[in-house]
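Given as structure tokens, the chain that follows is alone and in the form predicted alone.
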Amino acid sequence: MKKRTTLLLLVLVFGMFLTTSAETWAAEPVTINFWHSMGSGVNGQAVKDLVKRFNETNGQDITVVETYQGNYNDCSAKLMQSIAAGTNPEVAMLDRGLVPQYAPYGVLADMLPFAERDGFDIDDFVPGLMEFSWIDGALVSFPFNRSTPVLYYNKAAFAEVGLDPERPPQTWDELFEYAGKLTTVENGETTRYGFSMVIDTGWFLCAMVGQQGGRTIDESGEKVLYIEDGTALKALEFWRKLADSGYYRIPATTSAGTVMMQDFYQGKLAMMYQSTGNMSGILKNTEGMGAFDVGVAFLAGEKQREVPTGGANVVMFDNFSDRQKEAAWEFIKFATSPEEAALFSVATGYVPTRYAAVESEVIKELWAEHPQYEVAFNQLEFARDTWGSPYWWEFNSMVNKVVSRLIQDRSITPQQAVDQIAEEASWLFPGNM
């Protein structure tokens, strides 16, 4: 009897020790770092506000330090350097197309066990935004600041030339037709162009390939497909037709997106493809200034609707203690929650990443006041990204240069452009070698 009593006491004492240790560990203050690409302005403030809310409410003595590290390319370059030096942050924002580049290094933490343990609803995320979240069965990133390109158009210009302001172009042919009608020339000088889009082949070439029913690369990420099936050639022929028509504002060689939007604000451009991430600024600088009402529509289709996505995901790195990773997970869970996804969308114009976010009052109020935002979300039904590939980012940069020669310089033909793209693919993608 005495032995049993002694054993019971030992068990109780040991259990109390474990409980006390766990509570002490859970309450231990910890600081983690979050690197991102949201600088000054509305987007940068939105990140600061999100981090402030987390730091003030997490109740677990977790402090997040947010640091702007330049644009997506700059931030990724710094991340690669910091990983090699063992000084990387716990959490980072990565352009969704850059996520696969980190796979070979095994540095991204698999967040699936955390999500399953905490009942975190992965299925609530919009499927079209999740294609860069999975690598070999591991859940390595979550959508954060995500966007799609949409068609912005000047409703007053539409009415001026007899186009219905409530019926934007639905097909490539209509886009070309509308661009022609909206272009104005005075004394031999174009005073308003009908349409423009910047040289972003990861968006617009891939979109036009998908709209024909084609795919840019295969599911394995090892082979470029749009060269062989002719969809790249047809897309580039249409793009060059626009460039040759006089209806298309040739993109500037520097700060092309900014120049294009300034032309739109000033009424020098009637239609443009631009990111939903710029919607807040676009509406502020047009409707907010009393210039003209802005229409927002899906991208013009061909055989079908299709739109790529853009923006960045959040990742967690694996080379940290359990306490740091738990803290990092708590922050990611908070930052991608329906409530925060809704607030971030309202503040910035990026699309809500979760269906539950759309049901929030702040989103409902925004969409009631500015229905343009709802158009952007509804287009996600047709969202389809390229398959993740570690070769994609470098390849896409090269394709942009080729298409710049086709559209800005007009020094090569569409067929020559495709031939050059095929050559690039042949040495970069194993399946095209």
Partner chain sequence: MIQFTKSQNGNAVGAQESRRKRFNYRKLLPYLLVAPAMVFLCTFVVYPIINLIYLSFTDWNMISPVKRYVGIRNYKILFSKPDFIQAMGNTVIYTIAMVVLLLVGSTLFAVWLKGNSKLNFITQTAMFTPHIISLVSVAMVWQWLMEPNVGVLNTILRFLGLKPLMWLERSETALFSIIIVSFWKSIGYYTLVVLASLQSIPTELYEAAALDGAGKTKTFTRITLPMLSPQLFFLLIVITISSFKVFDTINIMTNGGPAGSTNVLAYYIYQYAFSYMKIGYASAAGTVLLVILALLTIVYFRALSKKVHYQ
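This is a predicted model, so every value here is computed, not measured. Residue numbers count along the first chain shown, from 1.
Below: the form predicted together with its partner chain, not depicted.
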Let me know the one among Ala115, Leu233, Ala347, Ile83 whose heavy atoms come within 4.5 Å of its partner chain in the predicted complex, would you? Ile83
Option touching its partner chain, based on a heavy atom within 4.5 Å in the predicted complex, out of Glu219, Glu166, Asp74, Glu361: Asp74
Asp95, Ser141 and Glu330 each touching its partner chain in the predicted complex (heavy atom, 4.5 Å): no
Using a 4.5 Å heavy atom cut-off, which of 56 to 64, 375 to 383, 29 to 37, 402 to 410 contacts its partner chain in the predicted complex? 402 to 410
Any of the heavy atoms of Thr183 lying within 4.5 Å of its partner chain in the predicted complex? no
Please determine whether Ser397 contacts its partner chain in the predicted complex, using a 4.5 Å cut-off between heavy atoms. yes
is_contact(Lys268, its partner chain) in the predicted complex, heavy atom dist at most 4.5 Å: yes
With the partner left out here, check for me: in the predicted complex, does some heavy atom of Glu423 sit within 4.5 Å of its partner chain? yes
Contacts with its partner chain in the predicted complex - residues in 32 to 46 whose heavy atoms fall within 4.5 Å: none
